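This document starts with one chain, in the form predicted on its own, laid out as structure tokens.
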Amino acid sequence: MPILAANWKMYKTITEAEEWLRAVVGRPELKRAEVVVFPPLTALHALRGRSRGLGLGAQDVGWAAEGAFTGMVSAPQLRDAGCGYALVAHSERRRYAGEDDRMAARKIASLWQAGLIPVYCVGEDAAERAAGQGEARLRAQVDTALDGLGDELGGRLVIAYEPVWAIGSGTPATPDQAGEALSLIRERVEGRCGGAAAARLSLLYGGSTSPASARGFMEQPIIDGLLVGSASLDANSFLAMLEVMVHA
């Protein structure tokens, strides 16, 4: 099934989250896609048990199972709160919280140990792309995240290609550009972890996606789904993207 993930970032109160949920839950399209919502942590408890047909995820996770880490939330705690997924190393976490690929690797391992699915975000910025270093940056992000895993992934992995130069710009990558980047990522995973692991890998595109652009991305065979930011905040916009996705 295709994957449609909604990253709400630092938006929505609990009341607003519940209103969005009422507009989406029960739609028949939910049975034809893997739909995951990443609300702010404050809304997780309110959505738990009411999100029929939707998966719940956290926008970040700590790398340790427990400990004296004020402000962090562990993978076991997220599982206890009803999460099945967590974003790892989103570009905004890299930019504002100093996350790097090594930290991402620790977080991915922690999520696997707790039985959760990491959604690992990778992508080059405008300067790297202009310098012809985009592919090298993607290879480094994948290699570091999978370092030490040997021939097998530790669990199911979702990788989202979010070119930093496209996020929030209103101008997404083209479907061909996204397809090329994700093909490189799949090849890198296969080279490090084997064909069986690469076949279990799910690949998403994210970065200024919209109902108007969704079809073009989903027509790329390599793209399994979309990670949506601003366009997911409005329930009608999100449902329009879901409608496109299940009929692509």
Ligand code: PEP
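Residue indices: 1-based, along the sequence shown. All of these numbers come straight from a predicted model, not from anything done at the bench.
There is also a form predicted in complex with this ligand; it is not shown, and the following applies to it.
Heavy atom to heavy atom, is residue 166 within 4.5 Å of this ligand in the predicted bound form?
The answer is yes: residue 166 has a heavy atom within 4.5 Å of this ligand.
Indicate whether this ligand has at least one heavy atom within 4.5 Å of a heavy atom of residue 206 in the predicted bound form.
Close contact exists here: in the predicted bound form, residue 206 approaches this ligand to within 4.5 Å, heavy atoms only.
Might residue 90 be said to contact this ligand in the predicted bound form, defining contact as any heavy atom within 4.5 Å?
Contact with this ligand, yes.
Using 4.5 Å between non-hydrogen atoms, is residue 9 touching this ligand in the predicted bound form?
Within the cut-off, so yes.
Of 27 to 35, 208 to 216, 61 to 69, 40 to 48, which is the one stretch near this ligand in the predicted bound form, taking non-hydrogen atoms within 4.5 angstroms as near?
Among the candidates, contact is made by 208 to 216.
Going through 207 to 239, which residues have a heavy atom within 4.5 Å of this ligand in the predicted bound form? Please give them in sequence order.
Heavy-atom contacts to this ligand in the predicted bound form: 207, 208, 209, 227, 228, 229, 230.
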